[in-house]
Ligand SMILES: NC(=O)c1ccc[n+]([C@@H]2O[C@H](COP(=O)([O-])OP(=O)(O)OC[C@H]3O[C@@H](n4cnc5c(N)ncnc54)[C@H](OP(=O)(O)O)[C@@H]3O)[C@@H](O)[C@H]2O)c1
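Only one chain comes next, encoded as structure tokens, the form predicted on its own.
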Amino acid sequence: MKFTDLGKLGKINASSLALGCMRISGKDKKEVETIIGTALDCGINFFDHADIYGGGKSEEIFGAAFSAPRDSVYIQSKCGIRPGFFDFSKEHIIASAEASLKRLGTDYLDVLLLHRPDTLMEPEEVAEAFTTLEKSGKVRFFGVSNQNPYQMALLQKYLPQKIVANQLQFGLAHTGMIDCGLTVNMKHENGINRDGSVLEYCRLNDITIQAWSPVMYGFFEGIFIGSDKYPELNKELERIGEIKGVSPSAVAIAWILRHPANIQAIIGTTTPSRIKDYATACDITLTREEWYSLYRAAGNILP
């Protein structure tokens, strides 16, 4: 397993693969015990949750199934999405974090992220909520999800705590974070700066990018591995996989891990064999030629 220093604070030595727990709500306790055990055996020490996953049931079943020493893992959750609106109010952030702690059966969260931007956010109020949670020992570190540079800069202006992570969709079928940086000043679709150069901002400010849906295309539309929507990409994944001795899925994850931004990939599978498969991505390193060949095979141009 590879590891990354979350937020470059020297406080969280997180596995480069995190297990996303969105889909475990439909599993029973024994199944989740196996999922957690497999992840731990593979060296995964970071588990990603959100208060809305399974309507809270994902956190509940994880809390019931988790039996390893608490200080041997890092547990992260997210808050801020409510039915039909977003809510970054002080009251909701604190209440949501406390509810997550109860469901997870733990005294503290290692990281709490704000889940999706709330345009009605009052950063002073968020700062009060974070400080309350930090001083009470209920949350150690804080971050955001799906935010652009100016949204983070606005929030950070008022926070006494450092933003340590930003969770963003990224993978071979969702390369927007790097497209515009490769096609600067070009009249091409990829040259449109859609996110304010969030990749570079996070690197400049030591904010760890957490890649969600790393092997999916669209907004949870499907997995691109083996999909007839991406014939050239799958052909190249298979070719490189044969050279490296790993599966196409592992190559797709290795592509993310190869980036010098030290991106953490959040895998959302609930199948133990796939967890093991994804973990082999940490055993290989793609060359520049291989990395760019996959980028081109995904349908992207190079000037």
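The numbering used is simple: start at 1 and walk along the sequence shown. Given the structure is predicted, the values throughout are model-derived calculations rather than measurements.
Keep in mind that the form predicted in complex with the named molecule is missing from the display, and what follows is about it.
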- Item | Residue (of I61, C42, I266, L257) lying close to the named molecule in the predicted bound form, criterion heavy atoms within 4.5 Å | I266
- Within 4.5 Å of the named molecule in the predicted bound form, heavy atoms considered, which of N190, T106, Q151, S145? S145
- Query: When you measure heavy atoms, are F3, Y201 and I207 every one within 4.5 angstroms of the named molecule in the predicted bound form?
  - Reply: no
- Message: Only one of 211-219, 157-165, 95-103, 123-131 has heavy atoms within 4.5 Å of the named molecule in the predicted bound form; I'd like to know which.
- Response: 211-219
- Would you please decide whether T34 lies within 4.5 angstroms of the named molecule in the predicted bound form, comparing each non-hydrogen atom pair? no
- Query: Quick one: is Y53 in contact with the named molecule in the predicted bound form, heavy atoms, 4.5 Å cut-off?
  - Reply: yes
- Query: Is K11 close enough to the named molecule in the predicted bound form to count, meaning some heavy atom within 4.5 Å?
  - Reply: no
- Message: So in the predicted bound form, is the named molecule close enough to I223 to count as touching (4.5 Å, heavy atoms)?
- Response: yes
- Query: Are there residues in 18-46 with a heavy atom within 4.5 Å of the named molecule in the predicted bound form, and which are they, in order?
  - Reply: G20, C21, M22, R23
